[in-house]
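As a starting point, one isolated chain is supplied in structure tokens, in the form predicted on its own.
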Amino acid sequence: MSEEVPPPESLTFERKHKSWRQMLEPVTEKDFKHGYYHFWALKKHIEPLDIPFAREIDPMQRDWELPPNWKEIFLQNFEDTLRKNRAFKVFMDICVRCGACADKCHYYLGTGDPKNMPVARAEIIRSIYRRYFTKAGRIFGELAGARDLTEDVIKEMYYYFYQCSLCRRCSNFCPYGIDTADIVWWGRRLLNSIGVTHRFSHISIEASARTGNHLGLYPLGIAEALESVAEDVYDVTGVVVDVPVNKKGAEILFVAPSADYFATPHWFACMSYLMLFHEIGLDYTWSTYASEGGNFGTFQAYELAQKLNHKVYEEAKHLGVKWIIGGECGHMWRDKHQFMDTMSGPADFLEDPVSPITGTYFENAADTKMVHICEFVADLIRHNKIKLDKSRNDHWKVTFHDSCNPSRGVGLLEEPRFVIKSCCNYFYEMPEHTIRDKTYCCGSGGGLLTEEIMELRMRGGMPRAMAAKFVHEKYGVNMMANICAIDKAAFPALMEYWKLPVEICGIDELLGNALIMKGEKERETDLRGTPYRRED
């Protein structure tokens, strides 16, 4: 038995910044930590997107080779943003630095860095606003919380604006409704205007602009991947399912994140899509053009988001479908429900989304004509249109992670839980302050799902991991379901890092396990090959 470690005689805490004035001192490349800063974007990814001043540098070098008139360009774009975006202007003015958001950010909780408090992160750009766009800042300078725009401030913006996953948890607690994620988003756009941008998001944006999906897959590759999914369905169920691709005149266009037909555990949710649509006889089609539901442009700039957003409607019109169903993706749903009608609408060439199986009119999708797969499945279950065997998931004790954008951004809270409870006998919620609209982020969203910042990701995901640890230890939870492609990619590494024996799945995978198909063989395993638990 190990000896107890005696408590220290005294415990002292030292503030990193002695005063608020020290918070105005910028963090520069000499202070950048390995595992926290992003690699610089490559020319081949940003030049096709018309991002100016393309160059390739190491963020750790002193000279960032900013264009000669970078300051004028930045401030002119700042002024244009203030004029065109009313919310951004309001957010610059109304913060009283109350600190209600301070401990709500998972990156602040994970890193302990005061500048990762949402209020402090926003102050990075708000200090520039005060200096150049307010009378008090121009007259009183630092005393008014203002500071000059220097190259060092640009470096600080780059460092901290990419330590934010745009999850919006902080805005949930702000008494003034300030959306710090919106501030960061516009701040990243301002950095883009002088050619200061990171690598990861632009790899996906460029690939999606070129091919229609983040992976850069061309039509034949997509079709073959979906056929491979169908082959795996046959191996498990003995049922041959069709995979309609680019089918003109189909009633419904189905759009999923490209990871669903390429990566794991996403693959198993994709198997379930094919199984479900086959079982109910849905007249639908996949598309090799609108082959990506997600939009990494929403992590960078309005113009880039708009560039990628339109392809779903274009393909819906081209194929002559009536309406659209979307798969399990997080930022896809903020993009489509909050931006699509403005960026690419109106969708007046589509019909009202009415389920051909139940007759339900999805009124919430009246404008976009696009329904989430969870809503569609929940409606089928409520109307007893599919048969489910909950015991097929008895080897899993399940909890549910509310993905940030579908939960806080769209309000998709009850449908996923209804589907899970209809498919599983063992479901347990994580602590109340970590779920629903208060959900913690995976730590890898908003363009942060990249290897060079793995330490930041693991620290940022710590609050979610601790909530998962709680239900694992209390209830034996061994599976965490979610409806986000980034979550599915990020959580396996997070669970391994925090030494939690918890698997990750999409809720449609649980549906596929439980779904009883006509003509299926006796199943011995779930979709991932794990044997069903048999009661003696």
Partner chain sequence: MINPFLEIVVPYAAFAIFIVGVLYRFVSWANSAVPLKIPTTSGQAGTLPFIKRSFYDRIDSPYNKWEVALRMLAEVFLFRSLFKNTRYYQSRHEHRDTRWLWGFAILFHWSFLIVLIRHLRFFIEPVPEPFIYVTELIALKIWVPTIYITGITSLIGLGYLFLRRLFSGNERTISLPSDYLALILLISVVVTGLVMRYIYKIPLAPVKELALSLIVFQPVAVDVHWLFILHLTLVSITIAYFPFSKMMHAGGVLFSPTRNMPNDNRKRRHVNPLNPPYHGITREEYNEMYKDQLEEIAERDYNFRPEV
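Numbering follows the first chain given and starts at 1. These numbers were taken from a predicted model, which means no experiment stands behind them.
The form predicted in complex with the partner chain is left out here; the points below concern that form.
- The shortest heavy atom separation between Gly327 and the partner chain in the predicted bound form exceeds 4.5 Å.
- The shortest heavy atom separation between Phe299 and the partner chain in the predicted bound form exceeds 4.5 Å.
- Put simply, Tyr440 is close to the partner chain in the predicted bound form: some heavy atom of it is within 4.5 Å.
- The partner chain is not drawn, but in the predicted bound form it has no heavy atom within 4.5 Å of Gly359.
- Contact here is defined as any heavy atom lying within 4.5 Å of the partner chain in the predicted bound form, and by that definition not a single one of Pro68, His202 and Phe349 is a contact residue.
- Proximity to the partner chain in the predicted bound form, taken as a non-hydrogen atom within 4.5 angstroms, holds for one residue of Cys95, Ile280, Ile420, Ile194, which is Cys95.
- The partner is absent here, but in the predicted bound form a heavy atom of Cys174, alone among Cys174, Val236, Leu75, Leu388, sits within 4.5 Å of the partner chain.
- Residues of just one listed stretch (441-449, 455-463, 256-264, 150-158) have heavy atoms within 4.5 Å of the partner chain in the predicted bound form: 455-463.
- Shown here without the partner chain, the chain has Ala209, Arg210, Thr211, Tyr218, Pro219, Leu220, Gly221, Ala223, Glu227, Ala230, Glu231, Tyr234, Val240, Val241, Asp242, Val243, Pro244, Val245 in 207-245 lying with a heavy atom within 4.5 Å of that partner in the predicted bound form.
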